[in-house]
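In the structure tokens that follow, the same protein chain appears in two forms, which are kept apart as structure 1 and structure 2.
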Structure 1
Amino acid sequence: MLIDRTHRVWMAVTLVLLAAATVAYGVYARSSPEGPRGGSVPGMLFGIVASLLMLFAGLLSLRKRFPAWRLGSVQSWLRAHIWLGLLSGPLILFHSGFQWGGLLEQIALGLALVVILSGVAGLALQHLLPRVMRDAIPAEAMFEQLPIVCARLQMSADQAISSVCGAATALAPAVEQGDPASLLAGFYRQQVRSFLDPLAKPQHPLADATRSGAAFHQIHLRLSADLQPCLEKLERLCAERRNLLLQAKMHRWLHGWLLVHGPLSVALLVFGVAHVVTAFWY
């Protein structure tokens, strides 16, 4: 998800609510002789509202699990999630009167902070994703698509090389001959083809743009003019393959990030409930 114009309304609503809450907190803080406290009536109201916002944010995962529900699109939910989730931060501080409380409260507060900050970090990560990948293509789909796209690159490269070298020279590990066509075919077999493979390692020599550029340049210097277009095509296909590697890496990060943000929000729920129970018990 990108923070674009579709977020304007939510941003405006959030800012208005934040301004109203800040004014209310100012009035309440001035009028309480002992300072604002989590246990006062306004303090508890802040706590309840902030907790409801967090609960609402957590409902996103239910919404995603049941895509068929007619309850607004996942995208709209995510917008609300982001802005109301952010708003819960200041509200919980208004609840505690900027005090840290005991160990339980400190843990709950710390978790809230980490969940909100990791949300911001994840969003920043999504902004870095290449445009086509951004709009909530689930990582699973990306990893299903990868072999298909690679196979297509490989096929395209096979065709290009066969058309200049002949299929037999291009793909069969024949005896090396000194002519440029065999040189190109050998380079293709030994380096390019394994890089276009879906299982290519990120450590593959052609995965590094500089090393790849140097390797292609070496071959370029030794080829006759009629073979250059084929070499250029192979270089373009390798660049596409590098792009895919990058995308796969970013999707792994996105996946990893959700494993921080999601489970910690569950921990926040647990500690929030424990805090409320003990606050009223003792």
Structure 2
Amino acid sequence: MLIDRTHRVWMAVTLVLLAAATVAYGVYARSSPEGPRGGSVPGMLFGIVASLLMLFAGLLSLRKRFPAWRLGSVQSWLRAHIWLGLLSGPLILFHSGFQWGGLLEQIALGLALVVILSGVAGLALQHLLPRVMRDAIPAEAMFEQLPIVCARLQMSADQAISSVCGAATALAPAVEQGDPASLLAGFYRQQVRSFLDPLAKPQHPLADATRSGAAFHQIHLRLSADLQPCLEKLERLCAERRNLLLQAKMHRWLHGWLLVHGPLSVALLVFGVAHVVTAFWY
């Protein structure tokens, strides 16, 4: 989700609540002879409010599973998730009096920090990566369609190489390298075709633009003029394949942070409940 003008109300409310909580904590900390503590009445109030905010933020996943519920749009819940989740961070610190406490408290505070930071990182990626993708990738394709697009690139290359070298020569498992056509066919079979494959890895030699340029340049120098257009087309197709690799990489970045944020959010709720139980039990 992008932070746009639709977030203004939530941003304003969050800042007002944060300012009020900061003033309240300052008064509480100065008036407490033993310093701020999580077990004091103000400390417990900060903890209860922070816990409720985290619990509400965690309900977003439940709301997404039931889109037909008439409890506000998913977008509204997501805005609340972002700003109330951010607000819970300072309230947790106010609850603890900026102290780490025992092992359980340290784990809970560490999880809260990582969850909040991963959420902020996710927001930053959602703002930056789409712009980078638009600038760096001329012809962006849907992520789910990338294998199909790659297969089309490979098919186009097969047709191009077959038109000048013949299908049997271009795709044969072994070809003599005595003439320019065989040289081009061998280069295509050994390097280009595997790179255009939908399963090509980012570690492929042609995935690096500099190495790819050097490899194509060496072949350019050894081909006759009639084969140059085909090689140029192969080079363009490889450039498109690199763009698709970049797009897949950015897509993983764009969504991969959820693999950290989601499970750790659940862990935070579990440790938060454990902290509450032990605090009241002991």
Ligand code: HEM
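Along the sequence of structure 1, residues get numbers from 1 upward. The shown structure was predicted, so the numbers you read here are calculated from the model rather than taken from an experiment. For the two forms, the rigid core is made up of the largest set of C-alpha atoms that agree within 1.5 Å on superposition.
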Two forms of the same chain appear here; which of them is the form predicted on its own? 2
On a rigid core superposition, would M54 pass a 2 Å threshold for CA movement between the two structures? no
Following rigid core alignment, is the displacement of the S224 C-alpha between the two structures equal to or greater than 2 angstroms? yes
Is N243 one of the residues whose C-alpha moves 2 Å or more between the two structures after the core fit? yes
Inter-form CA displacement between the two structures at W253 - rigid core frame, Å: 2.5
What is the magnitude, in angstrom, of the C-alpha shift at L206 between the two structures when the rigid core serves as the superposition reference? 7.9
